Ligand code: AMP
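Next up is one chain by itself, shown in structure tokens, the form predicted alone.
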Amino acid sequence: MLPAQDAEALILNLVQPLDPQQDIEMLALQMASDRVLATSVSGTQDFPYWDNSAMDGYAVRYEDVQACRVDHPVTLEIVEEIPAGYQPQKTIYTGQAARIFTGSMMPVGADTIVIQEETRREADRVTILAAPKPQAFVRRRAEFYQAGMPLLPAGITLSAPEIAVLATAQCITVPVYRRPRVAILATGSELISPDQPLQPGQIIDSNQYALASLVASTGAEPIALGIIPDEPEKLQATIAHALSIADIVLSSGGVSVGDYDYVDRILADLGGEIHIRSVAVKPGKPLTVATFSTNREPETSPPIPPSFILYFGLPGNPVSALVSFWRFVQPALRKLSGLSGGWTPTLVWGRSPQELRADGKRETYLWGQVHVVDGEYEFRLAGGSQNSGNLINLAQTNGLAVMPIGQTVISAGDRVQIMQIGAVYSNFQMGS
């Protein structure tokens, strides 16, 4: 069994990120949210585009108002009003001012804004009641960004702030990586889909649905291939098809040591190189990781070039499958997607008001809820048993407490390492 850190390092070393030449798409800006930028982007416009006002007030010459105060005000002639979107027509000379609004273009001759709260207006005259600082409330052209300089680096996820930056820079089409394709199959003759009537001895398949949701949330495209019975020929044909259409293949079940666990043998028969067969974690000990070099089916759209395929054989128990995804598959998907960093899980330190226990033989993940209470992370175990077949109490889980090999107890109130798997909220108060 490989320790978790060694398995993670091996997997990430195997991942070959998408190619910025072959695996690129040009998307309209409106469609680029949550995609990974494939090449760095530069803008053709300075930002701000021109000198403009940061406040409503009056554009003045600083030398005219630098000495004024309440008992010694300065009165200026208003020669122009400059609303937003208007190009000033007048030059501001000594003794003059322009009424101006937030975001409006500065007139020639003015170098300072006096906010309206420090003025008194009468007809076409404005009295300045307090001296501003030099160049107060003026946003200078190119103060925030100079045209031609790098604007956004490759390998970042485009969220709302980046989309706003690209819109401001008039980047209406954006080079992004295509979404990685992830084929998902569940193995086991006992499995049925949720729309079928449940018979004695059968199990409703939840793994495909959960894994598809996780894949989509990582920014990849899930391809559901259904439930494959414990029949080696059908399983081999399905895995071979999956390898021809996807960048990563996920199967759940069939990777332990039972009489009907065929996955590892089939992978070897298909020419795969198996790198991992089990990991020293709980839940999730049975984990197969293999690689393939294969050609793609021509009907994929857009076509995917021949490539290096990663195969993850996940455990069949629902919690084990999800923990294995969070711990090992998600980092691989992040690297594959073209992200420049931040692949590995987010680990933080916090405390648990409850005692945490493990057998100490493997790195153990206990699931529950994480919140920030009084400025510190707090982990609360999910109610009910910490059993890899109990997916019911997995609902609303957003963190896993990590107990290292050799540690059997973390006392209530002691520090514990926590792996974040969802949003963490502040000042949450649990009931007793």
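Values in this document were obtained by computation on a predicted structure and should not be read as measured data. When you see a residue number, it is the position in the sequence shown, counting from 1.
Unshown form predicted in complex with the ligand; subsequent notes refer to it.
- For the ligand in the predicted bound form, the listed stretch (347 to 355, 101 to 109, 164 to 172, 203 to 211) containing residues with heavy atoms inside 4.5 Å is 203 to 211.
- None of T218, T119, N317, T238 but one reaches within 4.5 angstroms of the ligand in the predicted bound form through a heavy atom, and that residue is N317.
- Residue L191 is the only one of I248, L129, A136, L191 with a heavy atom lying within 4.5 Å of the ligand in the predicted bound form.
- In the predicted bound form, at least one heavy atom of T187 sits within 4.5 Å of the ligand.
- Although the partner is absent here, G338 sits far enough away that none of its heavy atoms falls within 4.5 Å of the ligand in the predicted bound form.
- Mapping the unseen interface onto this chain, D264 falls outside it, with no heavy atom inside 4.5 Å of the ligand in the predicted bound form.
- With a 4.5 Å cutoff on heavy atoms, G254 counts as touching the ligand in the predicted bound form.
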